[in-house]
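Starting off, we have a lone chain in the form predicted on its own, written out as structure tokens.
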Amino acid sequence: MSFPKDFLWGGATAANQCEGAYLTDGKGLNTSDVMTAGDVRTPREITDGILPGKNYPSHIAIDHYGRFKEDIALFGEMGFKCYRMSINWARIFPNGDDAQPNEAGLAHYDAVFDECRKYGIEPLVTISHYETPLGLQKYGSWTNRKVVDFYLRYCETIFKRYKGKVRYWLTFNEINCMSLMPWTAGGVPNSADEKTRMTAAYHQLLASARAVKLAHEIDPENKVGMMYAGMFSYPNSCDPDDIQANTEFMNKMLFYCDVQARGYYPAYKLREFERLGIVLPQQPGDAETLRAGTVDFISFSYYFTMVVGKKTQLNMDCGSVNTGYTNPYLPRTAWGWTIDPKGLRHALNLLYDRYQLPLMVVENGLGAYDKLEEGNVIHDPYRIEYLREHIKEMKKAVELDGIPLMGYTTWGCIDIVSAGTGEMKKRYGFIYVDADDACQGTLDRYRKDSFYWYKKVIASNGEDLD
């Protein structure tokens, strides 16, 4: 046997990268709405409010807000069992701290979930996916403990409203990105020092634990997971110093999973805080909260692997994570990301060995330049090859290693704005959207060759990969 009969095949998006309609129906601004477009050589800019003459791709994106019925029908045609999406927090609480939710925003997601159910698609909802309300800046965003309560008000609202419509939730997208790009992860300036980042991370971890407990209380059928930005690395050599450097790098990323899956901060992280003079803003009862709010499953993104050594200098560069080392055995995408299907099996084994919790791959895909040809066809054999090889390794993890894998949702199942660079031309989807980097175009949708291939994969439950 390979994948279980109830395996959740599907695709994934984020509201800020696909919805557009950035001020429609009472929505407030969020952190993504003040991020300009960049490219493989130009970093995205975070502006102080909306400035004239700047290109903010989240404002239009692909108008999934207005065309979700068309898009979900295409997902249904492919046979999706699951659609991972996010609720845009600022659609529900426009300023983040509002006393009452915005009914128009709530009604919109009612309609989205009803449409998913119409096609037998299970929604997997990310509660906070790089969409922190900009109104929370007056508190210092996640550096302020008050934001935990605002987040819980938001969670309670959507857990109650969508009870019976949504059973699978993720508390924060790629929560470990607070260590890499804190503005994106939670509205904290990228210039913030480690103490500030770790304070914000502490509040998010506390909020996640409280949300898990609340979700279970409101509906015992709810399953709540954490979402890890797939940072997986190999040591540069068998030099013990390189191996130790790699261990320390992975711990820097995985401590978030440690807290969410085990319910406490690991000793290695607490000792690091002692060395750095970082004191967490703990209050009585926090330790019990973390222990009571461990997640039901672990989800993660997987795009690439890295190489780490004793001379590693970690930095973010136009949507990429650079360590100063390269892997000579792996090819790279046009955006410099390594292509390492075998690393996915390694990642699955690493996470299950560490936590013994069910796993789900909720982002995986190839960003590439696609060409719309005469007759509105798009030939993307490179994407099919990429996904085929990754699914093969995923199958090995299930069949040979016994990994309990819940599902697989490819990233950007329809072309959306790239989070890292803000481009449209970095396309991941099975569905081509006629839009340029300024999100201008007809926005018409066209099926790529990979659309028909993935439909066949789903219909065969991962057995037919040709």
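Residue indices: 1-based, along the sequence shown. Keep in mind it's a predicted model, so treat the numbers as computed, not measured.
Just so you know, the form predicted together with a small molecule exists too; it's not on screen, but the next bit is about it.
Taken together, 17, 363 and 428 are fully in contact with the small molecule in the predicted bound form: each brings a heavy atom within 4.5 Å. For the chain shown alone, residue 43 is not a contact residue for the small molecule in the predicted bound form, no non-hydrogen atom being within 4.5 angstroms. At a distance threshold of 4.5 angstroms between non-hydrogen atoms, residue 411 is in contact with the small molecule in the predicted bound form. Residue 109 falls outside the set of residues with a heavy atom inside 4.5 Å of the small molecule in the predicted bound form. Contact check for residue 418: a non-hydrogen atom falls within 4.5 Å of the small molecule in the predicted bound form. Stretch 129 to 137 is the answer when you ask which of 372 to 380, 129 to 137, 308 to 316, 157 to 165 has residues with heavy atoms within 4.5 Å of the small molecule in the predicted bound form. Distance criterion of 4.5 Å from any heavy atom to the small molecule in the predicted bound form singles out 337 from the list 249, 265, 337, 352. With the partner omitted from this view, the residue of 236, 204, 173, 233 that lies near the small molecule in the predicted bound form is 173 [heavy atom within 4.5 Å].
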